[in-house]
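Have a look below at one chain only, the form predicted alone, in structure tokens format.
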């Protein structure tokens, strides 16, 4: 198997990652932390067979990146894990859950296998423009599961001339995280972006943000909705709300892209912010990323429940900027107390609930 042995060998086996890995915290198995996974990958590079235990070791990584943040040797384990997953998939080695996920996305253009219109949430399409400098990339979750958040996002962004892709496809993040190619989806989205003349793509999904930023043409500027809102706070006519909230940093917005202060500036323009016990670069993963929610739902929920232990007492809402985090934290017991940053801002600007 062709793996980057040079990067793998940079791991000095110090074990720092064992103290922060959210999967190891739940399972306690050496193969379920970064150091163990790197040893597994070294074995694969030496010709070991990728049996069920090997696949479980690699596929339970959420790619949260906290190990990268803390690694004294400068190793980037999520990158290595994704590389190993690609090698296994290319060899025809994958779980049933991986296969099912890829088939749903390839067959429908979204993670849910939905065949209905991706723009069903947008009842009035007269706002859409054939040409625009700005495009709102909705993402699968908000297109099909959190449609009120999609509506609120578009209502806020359309004031600035933002439009949407007429036939948006999944950004490709779930495929890329789990070892598959997303080239066809990327090409379809990029073609539409160019037809519209978009110079900036704005998204409210952390996973979409990372993928658009790292796997799409570099000449297209990518902004997260928290960044955009922070840049335009003075133009949003925000009214202060008598609320106390905390903020959950999504891994792919925070650690992967260092977007920490912008969502907090937006929140503080609306209400009182009380930080979680672990926040910013130290924030615990919600457990939903890297294909773990679909492949290992019980483990995913265990991580989400542990994350909820960091919530300070007395807050009205847990605010985040990732629909997958919303879903996983809600399912772990927080329910409707978890909301998207966009929905908080919509409330403060008087948009319909």
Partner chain sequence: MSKTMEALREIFGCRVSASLAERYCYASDASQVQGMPDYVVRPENTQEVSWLLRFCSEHQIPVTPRGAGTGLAGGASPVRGGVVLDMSGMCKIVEIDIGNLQVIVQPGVVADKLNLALRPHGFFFPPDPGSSAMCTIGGMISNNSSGMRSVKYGTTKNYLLDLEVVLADGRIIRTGSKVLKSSAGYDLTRLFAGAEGTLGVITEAGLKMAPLPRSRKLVLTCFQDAETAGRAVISVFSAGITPSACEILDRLTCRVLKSCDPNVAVPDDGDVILFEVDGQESSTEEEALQIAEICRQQALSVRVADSKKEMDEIWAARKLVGAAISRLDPSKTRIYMGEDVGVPISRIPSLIKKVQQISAKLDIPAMKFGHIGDGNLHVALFIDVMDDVQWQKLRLAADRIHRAALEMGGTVSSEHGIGQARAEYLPEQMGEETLQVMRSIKRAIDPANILNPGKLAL
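Keep in mind the model is a prediction, meaning the values are calculated, not measured. Residue numbers count along the first chain shown, from 1.
Missing here is the form predicted in complex with its partner chain; even so, the following discussion is about that form.
- Contact with its partner chain in the predicted bound form holds for none of 297, 308 and 337, as no heavy atom of theirs lies within 4.5 Å.
- Its partner chain in the predicted bound form is approached by residue 10, whose closest heavy atom lies within 4.5 angstroms of it.
- Residue 330 falls outside the set of residues with a heavy atom inside 4.5 Å of its partner chain in the predicted bound form.
- Interface membership of residue 43, defined by any non-hydrogen atom within 4.5 Å of its partner chain in the predicted bound form, is confirmed.
- Its partner chain is not drawn, but in the predicted bound form it has no heavy atom within 4.5 Å of residue 201.
- Contacts with its partner chain in the predicted bound form, taken as any heavy atom within 4.5 Å, map within 71-102 to 71, 72, 73, 74.
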